[in-house]
Each structure stands twice: as C-alpha cells, then as structure tokens.
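Before any questions on how it binds or moves, here is one chain, the form predicted on its own, in structure tokens.
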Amino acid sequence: MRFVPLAVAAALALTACTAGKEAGPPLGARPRPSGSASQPLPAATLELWHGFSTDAEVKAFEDAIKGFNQKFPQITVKAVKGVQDDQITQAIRGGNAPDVAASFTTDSVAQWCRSGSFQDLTPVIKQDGIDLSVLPEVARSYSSFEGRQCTLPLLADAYGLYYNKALMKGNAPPKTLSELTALAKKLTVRGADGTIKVAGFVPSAQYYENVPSHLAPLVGATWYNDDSTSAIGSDPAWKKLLTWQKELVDWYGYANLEKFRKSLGDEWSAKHPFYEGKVAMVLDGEWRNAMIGNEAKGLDYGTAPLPVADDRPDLYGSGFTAGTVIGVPKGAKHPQQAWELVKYLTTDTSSLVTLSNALRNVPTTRAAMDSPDLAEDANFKTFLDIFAHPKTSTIPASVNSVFNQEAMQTFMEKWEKGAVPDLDAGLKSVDKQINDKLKLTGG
C-alpha cells in the first residue's frame, strides 16, 4: 500500500444511504453455528473493490484471493482495482455498493462506522469465535469506531528512518531529536553561496512523508481529549515538536530549504532524492524497501526507528502506523459470502504472508508476523518491530479526520515559513478550527 494524499482520501459526508434492491440481509441477522464453513454457503459472485493499481500490486492481491477460491470454490470474486474512498462512499449512497471494499487509508473509518455505511462485523466476529487479540491494539483501534468494528485491518504501514550509509560517513542513526539535529547539520553539504547540495535531513512539513500524523509519535503528541475536542493547543508535546522543527528549518534558511525542496524529484519516481544521494536521512514507510529494490538497486542504505524527544526515551522503537482496512458495505448483495472473504484475507496467515512478501507491507496478525514463511531482512524487520512496539500509535479515528489533519498541516506550513508570530496562540487557533468543525458535525 502507499500513502494516499488527504485530498484524495477525503470521504464525502453522508446523509442517508439507500440500500440496493438486491441487498442481502445484514451481517448477524441470520446467526449460524460456528464452524459451518463453506458448504452451507450458496454459490455467489462477489464484487471486491480495492485501491491496488500497479500490475505487481494487483497480481499479489489476486494471488491472495486464489487461496480463498480454493477454500470456497462455489464463490467467485470479481476484483475491481484502483478504487478510492469517495467512489466507495458514492456507490453506497447510490445503492450500488460492492460486496467487499478495501481502503488504503483509515481516514474514512469513523464516518463509515457511525453512518452505518459499512456493516458492523462484531456479531459475525463473535459468531465465528475470532479472537481480535491476534491483532495489535493499535490496529484494532484504527479499524473501529465507537464500539463498531466495521472494518478489519488487512495490511499495515509503519514509519521509520531510512539512511544512506555512504552519506552517513560511519555515523550511527540518531535516537533523539537533538542527535538528529546535530547529525543533519554535520552531513549537510552547501555550495559556496550557501545553496544546499546535500541535506542531512529535510525538516519541512511539506517534504513527502513529514506530515503531522507521522511526526506526532516522535514526541508522543496527542490529537484529541477524551471528549473528542482538540488537544493540540494544550499538549506541550506539539509545541516541543514544532519548536525543534523550526529551529532546524531556520538553520537551513527557509528560502534556501524551499529552493532545495522544490528542486527534488517526485516522491514516487526513480528520481527520489534519497536514491540520488541528495538527502542522507528520510522519514518513510516500510514500502520504500520494495521501491528501492525496484528503482535503486545497489543503494547501500539502512533503516532504524525514528529519533524521539530527548526527554521521552521510552518512545524509541515506536512510530506511526495505519494501514489498509477492509469490510462489508451496507447494501452488499452477498454479505455472508463477503464476510467469509474479509475473514480469510484478514486472518489467514498464508494469505497475509503472501501479500506481505509481494508488497513488502507489514502483515497485521501476530501469527503472520512470526511466520517462518515471511520474507525478512534487516531493513524490513525494523518496521515489523515498530508495528509491534507497544507505544506505536496512530491518529485516533474521527469523523473529521481529514479536515483535522489538513488544519494542522496548513498551520505547520505557516509556522515553518515564519508566518506565525505566537506559537501558543497559533496552536489554540488550530484547536478552534477542529472544535468548531466538531460542533458542526454533531460531536
């Protein structure tokens, strides 16, 4: 899976859902004994929408589905690739929901759960005796909302530090933000006029994966209070993060850093500056390992957990995680068969290992992570360990998740530019935006 820009991932607000005329009974409406397995299920053709789009991704997903076909030969799965959240939402609203839908992002989970757009899987999870403790707690949290387990995690992303061994010149990867700052300065190469030739680390929030949700775990920053209002203005960790970031931006010089950033190649191309030796250390997801293997063969690099606040050494080894989620939309024509497919893809160890080995994403169950069939190397194992770390976190589910992240992103861009004279007041203004939106959407 790959990062999905927030603008693309934005889900449309739902008002009322119109179920398709041929929709099957909702999950849990017809309980059946556990273990009744494949034979009682009648033949059906399931429509499965997912976001995978490249040939390699689609092949890997279809390979995983083949295992389901062997177990349930009477069920045919028709997979539709390259589908985004807004398309799923619109189809549900129009009464044309697929039987199963998967999303690269967790940003729509709260909306889908609260609105009932995705069916609550809790009854069939209990019915089939599935123990959700096989999933790390953080994965359970980003796939449910308000007690409704309306999706299950399929694969996960974890974020860590990539470093170019040649550019590191023998230095060990940093473990604290102070160490990161010192090493970034040491490894940066400038021209005679001060122009950046090689950046030790690009601190800008506008740089690729340096978005607020990925940076917050470095300092243990929290997004929300218990009542779902914004905690950004009151949690001192955010101020600590932004103060550190701004000091390093200022050391480069904002204009100088922007000139350098804008000169860099596309994040999703073979011109990535990390491949080209223009940046020594970058924050990135586990999928970069596979991309380096395809696009930068021979690059000598290493991976490590991200550095953390100097006064929070307990956070070292953790990081941000989210991932692909999958569920059964309201209006699915064959919900029972759809549930069997969702269950297989999210809990079958062989299926998860097949997908992980092909896509180099983190499998979500403990059995899959521990499987001897899981292809591991030191650089990928870093991300398995980050995902399993007890303090690894995600952005808590919210019906306004996209809006809230964009509000913080916009603020950070103004802040690093020097357009925010009072950081405390500025963070409070982010609180107000988020809390006002919360009121508009009914809390």
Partner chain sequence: MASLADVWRRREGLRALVWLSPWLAGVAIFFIYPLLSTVYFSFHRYDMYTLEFAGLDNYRYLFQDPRVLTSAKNTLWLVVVLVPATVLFSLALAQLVVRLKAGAGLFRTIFYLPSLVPMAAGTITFVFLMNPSTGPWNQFLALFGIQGPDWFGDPAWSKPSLTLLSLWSCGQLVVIFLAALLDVPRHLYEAAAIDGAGPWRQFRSVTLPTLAPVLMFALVTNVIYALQYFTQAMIASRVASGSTDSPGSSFSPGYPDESLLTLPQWLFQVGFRDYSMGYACVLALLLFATSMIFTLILLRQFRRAEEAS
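Predicted model only: the values in this text are computed from it and were never measured. Residue numbers count along the first chain shown, from 1.
The next section is about a form of this same protein that is not shown, the form predicted in complex with the partner chain.
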Taking heavy atoms only, is Glu413 within 4.5 angstroms of the partner chain in the predicted complex? yes
Does at least one non-hydrogen atom of Gln405 fall within 4.5 angstroms of the partner chain in the predicted complex? yes
I'd like to know if Thr105 sits close to the partner chain in the predicted complex, meaning any non-hydrogen atom pair within 4.5 angstroms. yes
Gln90: heavy atom within 4.5 Å of the partner chain in the predicted complex? yes
Which of 355-363, 122-130, 261-269, 231-239 has heavy atoms within 4.5 Å of the partner chain in the predicted complex? 261-269
Can we say Ser53, Val58 and Ala388 each have a non-hydrogen atom within 4.5 Å of the partner chain in the predicted complex? no
Exactly one residue in Lys81, Lys333, Lys246, Arg114 has a non-hydrogen atom within 4.5 Å of the partner chain in the predicted complex; which is it? Arg114
Of these, Thr222, Gln206, Ser371, Ser141, which has a heavy atom no more than 4.5 Å from the partner chain in the predicted complex? Gln206
